[in-house]
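Okay, so here's just one chain, in structure tokens, the form predicted alone.
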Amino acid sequence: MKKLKILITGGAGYLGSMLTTKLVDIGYYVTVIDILEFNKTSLSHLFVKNNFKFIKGDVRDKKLMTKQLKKNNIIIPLAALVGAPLCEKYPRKTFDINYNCIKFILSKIKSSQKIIYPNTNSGYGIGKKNKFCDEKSPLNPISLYGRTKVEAEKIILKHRNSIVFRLATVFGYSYRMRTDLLVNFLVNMAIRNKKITIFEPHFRRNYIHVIDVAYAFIFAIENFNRMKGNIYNVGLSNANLTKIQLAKRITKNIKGIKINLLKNKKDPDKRDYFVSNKKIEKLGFKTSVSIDDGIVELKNIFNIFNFKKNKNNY
């Protein structure tokens, strides 16, 4: 059993439930703080483990956070309002959780404590047409979600023992499932409606499976000293795709699906970029799940399970 103690806020969420499970299975001592707004059972399979502790609580509870921050070596603050629609709906709550809570964490931890922070590469906004965004590219977040995450990244980097990930659009099955993420959403639509409806078809994005996001955090924990003080894009380098390319990959893996293009609808997040992941790849990090494998996984899951009543981030 590894003695390193890890605190994960929002650890019952889409990313958190997968990461927490992997860390507990490896043998780390993991404490999760989560309010359980979206799913109350995503970590139920871990309660039998003696290296797992769950606290139902709000990251805005300063007394709770102060007490738990003192007990852990590594802090992974996943708790956030995620996605442009949800953040626009609750702007004050978004700023409080996505930025003020991060500021509070930094004010309470010691310089020796480590923090690994997940930003989104939607902070790149609209990238240049013939150039990949790397970690030195200027940030131009358009949505409130992107802006709060970018501002939090800035203060995280002032803490010497920190690593920042700029995550690609995540896809795949997790213990706390989300069907509003683009790949998951389109595959679910394909299974249910036998067609895919998209707009702004030439908008570009990078993608990554939720399992590989968990592996990236594990990689950072195991290689912390040579990674600290840096930002890393984390995505599938062979999955820089336009929306129409993604739709065609789905129809390749799910037969009999038609693609319907809408002309007058706009994306509130307005992200449009391709991303380079070479920096973390040069350190030895490798992804394990391809975009096609993820589409097949989702196809099989959506064919069996009905997520019609699934509570998403909007």
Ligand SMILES: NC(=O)c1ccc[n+]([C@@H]2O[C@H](COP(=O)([O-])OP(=O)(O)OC[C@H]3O[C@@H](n4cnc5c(N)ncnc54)[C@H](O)[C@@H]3O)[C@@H](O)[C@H]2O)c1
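Every value quoted in this text rests on a predicted model; they were computed, and no experiment measured them. One-based numbering along the sequence shown.
Below, we turn to the form predicted together with the ligand, even though it does not appear here.
Contact with the ligand in the predicted bound form, judged as any non-hydrogen atom within 4.5 angstroms, is confined among 176 to 184, 154 to 162, 108 to 116, 222 to 230 to 176 to 184. At a distance threshold of 4.5 angstroms between non-hydrogen atoms, Arg60 is in contact with the ligand in the predicted bound form. Although the partner is absent from this view, Ala12 contacts the ligand in the predicted bound form, with a non-hydrogen atom inside 4.5 angstroms. In the predicted bound form, the ligand stays beyond 4.5 Å of every heavy atom belonging to Gly294. In the predicted bound form, the ligand lies within 4.5 Å of some heavy atom of Glu37. Residues Arg204, Ala239 and Ser276 are none of them found to lie within 4.5 Å of the ligand in the predicted bound form, as judged by heavy atom distances. Shown without its partner, this chain lists Ala190, Leu167, Cys133, Ile142 as candidates; in the predicted bound form, only Leu167 has a non-hydrogen atom within 4.5 angstroms of the ligand. Checked against the ligand in the predicted bound form, the candidates Ile33, Ile280, Ile250, Leu46 yield a single residue with a heavy atom inside 4.5 Å, and that residue is Ile33.
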